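Single chain ahead, written as structure tokens, the form predicted alone.
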């Protein structure tokens, strides 16, 4: 199935958007590595949904606006995006920083959401469970720590070096991720107080071998969000949508099917 790329200007900020498929709208919010390509799990989800994948401001080909200082700014911007795109009853799915962002959107205003799926989200702290510090990992440590199946890490390490343009995008993504999550590290100290405001059906997905956001965080998210369900994927690291794409899509489609029946 094909997808389209476009540039949308929302409240004065230009963002790059990929869009494909037919069905109920599903807005996917990417993590720290950005969303430069239409990935296989997006293609699978687009068989049943209209999948919309923006690049956050400060990432990839989107503008890097002066107003972007923190995750709160980004959450309010995405409420404007929902209005701009005319989305209603949209299924919001976010991974890692994108999962954190999705929760920040939902606690502010969930009236346009049909459901929420967060995958190994950052944003809270659980005493005694240390997160991986992705900002301090070497490229090899990053590749090896993101995946349970080291074949994915080997493939990442064997990839040819990025072009000059690709390197510039990589650096932009890293700088914006640092702006959002450097201090405090991947944390909004107040978020845990407000997750109870989320009332839309919520799916929490986690890999059992996540070294970036350890799976010990998963029950905390489940306990903080009423009406939520936790699914843990075995033999999986921080990126279930990549490492276990079929299972990830099965869980998301099954969950959305149940809550919209």
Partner chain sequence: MKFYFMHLMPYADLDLSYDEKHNSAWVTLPNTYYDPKKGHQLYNRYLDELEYADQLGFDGICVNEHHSNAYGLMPIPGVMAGALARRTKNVKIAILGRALPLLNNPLTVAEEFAMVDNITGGRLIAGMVRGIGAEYHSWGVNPAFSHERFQEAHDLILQAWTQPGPSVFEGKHYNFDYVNVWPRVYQDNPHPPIWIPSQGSSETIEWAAHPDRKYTYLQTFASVSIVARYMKMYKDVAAGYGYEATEDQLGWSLPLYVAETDEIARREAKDHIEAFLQKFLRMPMEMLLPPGYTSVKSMVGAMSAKAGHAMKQTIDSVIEEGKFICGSPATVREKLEEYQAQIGFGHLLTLLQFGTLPAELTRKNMEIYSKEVMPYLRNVTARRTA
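Because the structure is predicted, anything quoted here is derived from the model rather than measured. Numbering follows the first chain given and starts at 1.
The form predicted together with its partner chain exists for this protein as well; it is not shown, and the discussion that follows is about that form.
- Contact annotation: its partner chain lies within 4.5 Å of heavy atoms from the stretch 128-136 in the predicted complex, the single such stretch among 111-119, 83-91, 98-106, 128-136.
- The closest heavy atom approach of residue 155 to its partner chain in the predicted complex falls outside 4.5 Å.
- Proximity of residue 144 to its partner chain in the predicted complex falls outside the 4.5 Å heavy atom cutoff.
- Using a 4.5 angstroms limit between non-hydrogen atoms, residue 175 touches its partner chain in the predicted complex.
- Among residues of the shown chain, residue 183 is one whose heavy atoms approach its partner chain to within 4.5 Å in the predicted complex.
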